[in-house]
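Shown here is one chain on its own, the form predicted on its own, set out as structure tokens.
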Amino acid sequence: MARPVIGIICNRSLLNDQYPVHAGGTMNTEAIARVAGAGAVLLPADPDIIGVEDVLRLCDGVLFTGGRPNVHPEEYGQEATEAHGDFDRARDRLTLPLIREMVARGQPFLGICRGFQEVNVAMGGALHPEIRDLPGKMNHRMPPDGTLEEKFALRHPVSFTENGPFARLFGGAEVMTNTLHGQGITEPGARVVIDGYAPDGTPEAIYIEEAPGFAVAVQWHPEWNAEADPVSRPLFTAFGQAAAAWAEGRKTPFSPQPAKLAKA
């Protein structure tokens, strides 16, 4: 049987510091292919190249990836400052309406890091440009130096609602995650349920209340070591199952059954 197809939102980049490209990290494609069990398709993040309806028709699910540019604060009613960093307005124009349409249709998606923030903004929520500047918050940013292993190392626990959907998915109310982000949620959007928090109270895991399909996002980067990591593996597996169900004409809300936390 044909595998479901999951689209992966690309980011603009320069190849060899010269040639503009729409790029997608191999960690994302490998997590989709090897753990979610789906075919991976890279999607240029520009609605002038591929529109919302095109994506909905082509893909059984969408992975909203991390990326250096941030969602423009105009999207949540604020003015841009130097602290907000770089932007990609073309990606904003594609992903924000795409998320809203996927929520309405019940078409499955998973948001990661910037994708997590996109989901919140798409639903009417707001962000802070630099979480570490808020009182009592830790530095969630990627370590500036070191190997990839050191940058993606597990750095803090995330606690979930007891017997909530994330706790059931992971088989426990607390897991260890990496952290490589500067921005964070300050106001949740409509129907955005914050179900996981870092020790400093920073939101780390969300889902859309009463969404007819798999509508989930996390602030950490589960694509790193996804095949072996005991948290990444069930998350991508559940996403892949939701995409497979959509390909068969079924919608699967985010309501996993209790499961034992897998061992690495």
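All residue numbers refer to positions in the sequence shown, first residue = 1. The model shown is predicted, which means the values in this text are computed figures rather than measured ones.
The same protein also has a form predicted together with a small molecule, omitted here; what follows describes it.
- When the small molecule is considered in the model of the complex, only one residue from Gly213, Pro222, Pro203, Gly67 comes within 4.5 Å through any heavy atom, namely Gly67.
- The partner is absent here; in the model of the complex, the one residue of Ala126, Ala173, Leu180, Ile194 having a heavy atom within 4.5 Å of the small molecule is Leu180.
- When the small molecule is considered in the model of the complex, Arg141 lines it closely, a heavy atom lying within 4.5 Å.
- In the model of the complex, Gln107 stays away from the small molecule, with no heavy atom inside 4.5 Å.
- Residue contact check for Asn120: none of its heavy atoms lie within 4.5 Å of the small molecule in the model of the complex.
- Not displayed here, the small molecule is approached by Cys113 to within 4.5 Å at the level of heavy atoms in the model of the complex.
- Judged by heavy atoms within 4.5 Å of the small molecule in the model of the complex, the contact stretch among the candidates 233-241, 59-67, 46-54, 32-40 is 59-67.
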